[in-house]
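Given next, in structure tokens, is a single chain: the form predicted alone.
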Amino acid sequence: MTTDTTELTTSVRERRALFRSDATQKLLAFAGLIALFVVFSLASPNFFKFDNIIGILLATAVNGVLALGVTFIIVTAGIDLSVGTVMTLSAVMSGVFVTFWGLPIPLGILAGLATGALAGFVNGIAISKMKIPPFIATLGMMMMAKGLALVISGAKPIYFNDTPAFRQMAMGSLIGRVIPGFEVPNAVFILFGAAIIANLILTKTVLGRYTVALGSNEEATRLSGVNVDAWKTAVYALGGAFSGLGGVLMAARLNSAQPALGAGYELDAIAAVVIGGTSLSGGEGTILGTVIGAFIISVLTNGLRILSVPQEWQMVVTGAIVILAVYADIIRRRNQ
């Protein structure tokens, strides 16, 4: 009895310590976001203008949606390098359905989501069944998706000029009709809606619990009778679906599907997840932290651009922040 009580007490203490650590991580990330806003607002009067804030929100919408899917994958201690080009392929497929075939817009949206989910499913099968390391499997998918996007589109952009409602889906403002002058694009609210859904999946569903379990101790999860391969495949398919949503948003924002676009987006998405406190070692991560991390990336990029910092130095600064975020996670785990 004494041993059981001691183990229970220890477990409770560990959970409380982990909760405090996660809360501190999110608080620090949010404080960093506020600090960036203050610094850039003082450095340039153009930063805090309404149009610039809307630009930051739009930039975060696509990167944030991609980062939501990557969160699930990194929580399992995996990685996905294909989210950027899968986003592009999904946008192209939406363009094929809506522009080439003249099908209704909802079917075009479903085509984009399904394309992303299928690419994620293939990644999951390659990783779970074929035992290919995630880095290699998703690197291969990255190149495949890029090639397919170019082949299917004929290496030319697909425009949605005949379907203005497609662009309005993301760039229109429903709230602007209710509150005149408050023209916040729908894409921003789609991001927040997707974040709410992602948070519910991660915290309230079986898939979410197994996502955390896989990252915490995959072998123990397997020995407890869980079909690890099936759930891991489901996680990658879910991540791909978020990439598909990102592709639809990107196509609507640009009013076109650009087949050469996409490379590099995976780095921003992964950076947002890491900065938000998700551990690359797996087993830990929150959707709220990811959203904060996505805003940090967008604010940092936008602020440096307004200050006329060369793009190559912007990349240096972002890379340094990612390294510091990973190092902070290592220190945090060591202290635990």
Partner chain sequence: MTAKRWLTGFVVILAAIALLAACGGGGAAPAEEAAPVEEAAPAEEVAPAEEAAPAEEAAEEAAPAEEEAAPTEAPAEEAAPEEAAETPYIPVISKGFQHQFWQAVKAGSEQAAADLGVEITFEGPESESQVDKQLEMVQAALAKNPSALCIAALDSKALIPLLEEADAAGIPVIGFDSGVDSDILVTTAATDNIAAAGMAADKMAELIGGEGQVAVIVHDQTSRTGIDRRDGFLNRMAEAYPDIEIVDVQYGGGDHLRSTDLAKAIIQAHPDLKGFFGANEGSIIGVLNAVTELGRDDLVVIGYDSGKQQLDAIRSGLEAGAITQNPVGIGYKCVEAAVMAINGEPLDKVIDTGFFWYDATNIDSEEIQPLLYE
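Keep in mind that what you see is a predicted model, and the values were worked out from it rather than measured. Positions refer to the first chain, counted from 1.
If you look for the form predicted together with its partner chain, you will not find it shown, but the lines that follow are about it.
Using a 4.5 angstroms threshold between heavy atoms, residue 129 counts as touching its partner chain in the predicted bound form. In the predicted bound form, its partner chain stays beyond 4.5 Å of every heavy atom belonging to residue 286.
At the 4.5 Å threshold, heavy atoms of residue 264 reach its partner chain in the predicted bound form. When contacts are judged by a 4.5 Å heavy atom cut-off, residue 75 does not count as touching its partner chain in the predicted bound form. Contact check at 4.5 Å (heavy atoms) against its partner chain in the predicted bound form: none of 206, 273 and 329 pass. Of the residues 254, 212, 105, 228, just one reaches its partner chain in the predicted bound form with a heavy atom at 4.5 Å or closer; this is 254. Distance criterion of 4.5 Å from any heavy atom to its partner chain in the predicted bound form singles out 171 from the list 201, 110, 171, 96. With the partner left out here, its partner chain still marks one of 231-239, 121-129, 75-83, 192-200 in the predicted bound form; by a 4.5 Å heavy atom cut-off that stretch is 121-129. Residues from 144-161 that approach its partner chain in the predicted bound form with a non-hydrogen atom closer than or equal to 4.5 Å are 146, 148, 150, 151, 152, 155, 156, 157, 159, 161, in the order they occur in the chain.
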